[in-house]
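Given next, in structure tokens, is a single chain: the form predicted on its own.
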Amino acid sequence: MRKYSILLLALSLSAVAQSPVDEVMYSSGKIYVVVAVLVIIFTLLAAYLVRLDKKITALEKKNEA
């Protein structure tokens, strides 16, 4: 368990530190574009998975009958 605590601590410390690239992205407002693109990608992926699940469920019901 202690190994995981040290790993989580190391990851959290690296997430707090900002690199010069982060500062440029925040100052120019491009970070919002990156976040928007990620939200769109995850939304489309979730919609695709829901649609696929509905199709599979319908096929399973059809196969049972």
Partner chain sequence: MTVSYIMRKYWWKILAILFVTYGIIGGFLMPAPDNIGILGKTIRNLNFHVPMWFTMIILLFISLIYSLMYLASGDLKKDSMSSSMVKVAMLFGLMGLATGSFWARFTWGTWWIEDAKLNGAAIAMLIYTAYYILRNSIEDEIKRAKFSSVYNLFAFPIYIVLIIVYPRMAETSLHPASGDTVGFSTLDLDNNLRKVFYLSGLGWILMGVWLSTLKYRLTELKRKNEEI
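Because the structure is predicted, anything quoted here is derived from the model rather than measured. Numbering follows the first chain given and starts at 1.
Below: the form predicted in complex with its partner chain, not depicted.
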Counting only non-hydrogen atoms and a 4.5 angstroms cut-off, does N63 reach its partner chain in the model of the complex? yes
Check whether E23 has any heavy atom within 4.5 Å of a heavy atom of its partner chain in the model of the complex, and answer yes or no. no
According to a 4.5 angstroms non-hydrogen atom cut-off, is S19 in contact with its partner chain in the model of the complex? no
Residues within stretch 43-65 having a non-hydrogen atom within 4.5 Å of its partner chain in the model of the complex: A46, L49, V50, L52, D53, K54, I56, T57, L59, E60, N63
